[in-house]
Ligand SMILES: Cc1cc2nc3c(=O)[nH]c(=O)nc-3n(C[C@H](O)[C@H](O)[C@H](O)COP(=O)(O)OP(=O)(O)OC[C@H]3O[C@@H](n4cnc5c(N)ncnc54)[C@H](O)[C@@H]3O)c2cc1C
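Given as structure tokens, the chain that follows is alone and in the form predicted alone.
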């Protein structure tokens, strides 16, 4: 059923509804983002305001926040922290800044293969990691952020705060029969067929697949859905005849201007490197990876993925 009330029948349903940004779950931010030291670059205007805030910041406490739940591109909250650090160093103000990365998760990165390398990036940049602190409210007037921890609520004062908003599957998914207990479309992790409705398939951020929510992941999921839907329509039993998705995802983590680490992994969180083919250790940020991020991936996305060609 559409918002207009129109009903559309189907033989097969493919659900790829994305992720919604739940800014309302952080008290105090409504109408305050983009000024007075409070930023979030998850909208076009928000990204512009964040860059303006980074350029004008000259000293104090800078906090970069990641929520505890699933988000689009798990490395994104770190990327903006690293790019801000690079800009502040080039501007000569970094020594006057106490920079912290605060995450609601118990570790700074899910894959244990790449995590030590990213911890080393933070040590090199003198960014203090703070784990298991989930942002619940902000007082923009007093510049105080409140966090939920296992020991109760705690606060931090800030001069600059960038936060990744909490995120979830769209509300219309949560309230539907398609959702599991977490609110995401309940699909088989290999075939991407719905666990309870054989003529429904799901992929992308709104699905309950236990892997990072990235464009790279959906690029691998899409051919699986196409193949398995067509086979099911032909009467095949997907338990014995199907194409399987193994959880591939990748996070291109920009660590500096001109450097990027390409973290690629599957359901096991072990590395599954595909790019670049000449790289011996994918945990090393390189200029070659930076070129992939800035030159190759936009072409792949707009000219390949969005046109159904890659």
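Positions refer to the first chain, counted from 1. Since we're looking at a predicted model, the values are computed, not measured.
Form predicted together with the named molecule: not shown, discussed below.
- [ ] With the named molecule left out of view, choose which of 110, 140, 215, 166 has a non-hydrogen atom within 4.5 angstroms of it in the predicted complex.
- [x] Only one listed residue qualifies here, and that residue is 215.
Open item on the list: Using a 4.5 Å heavy atom cut-off, which residue among 231, 89, 72, 96 comes into contact with the named molecule in the predicted complex?
Closed with: That would be 72.
Task: Joint contact, 85, 117 and 285 to the named molecule in the predicted complex, by non-hydrogen atom at 4.5 Å - done: So, no: the whole triplet misses the named molecule.
TODO: Consider residue 255 of the chain shown here, and say whether it contacts the named molecule in the predicted complex, taking contact as heavy atoms within 4.5 Å.
DONE: No.
TODO: Answer with yes or no whether residue 57 is in contact with the named molecule in the predicted complex, where contact means some heavy atom within 4.5 Å.
DONE: Close contact is absent here: in the predicted complex, residue 57 is far from the named molecule, nothing within 4.5 Å, heavy atoms only.
Open item on the list: Considering non-hydrogen atoms and a 4.5 Å limit, does the named molecule approach residue 104 in the predicted complex?
Closed with: No, residue 104 is distant from the partner.
- [ ] Report whether the minimum heavy atom distance between residue 79 and the named molecule in the predicted complex is within 4.5 Å.
- [x] The answer is yes: residue 79 has a heavy atom within 4.5 Å of the named molecule.
Open item on the list: Which is the contacting stretch out of 25-33, 244-252, 61-69, 263-271, given heavy atoms within 4.5 Å of the named molecule in the predicted complex?
Closed with: After filtering at 4.5 Å, what remains is 244-252.
- [ ] Sequence order please: the residues of 19-40 with a heavy atom within 4.5 Å of the named molecule in the predicted complex.
- [x] Heavy-atom contacts within 4.5 Å come from 19 alone.
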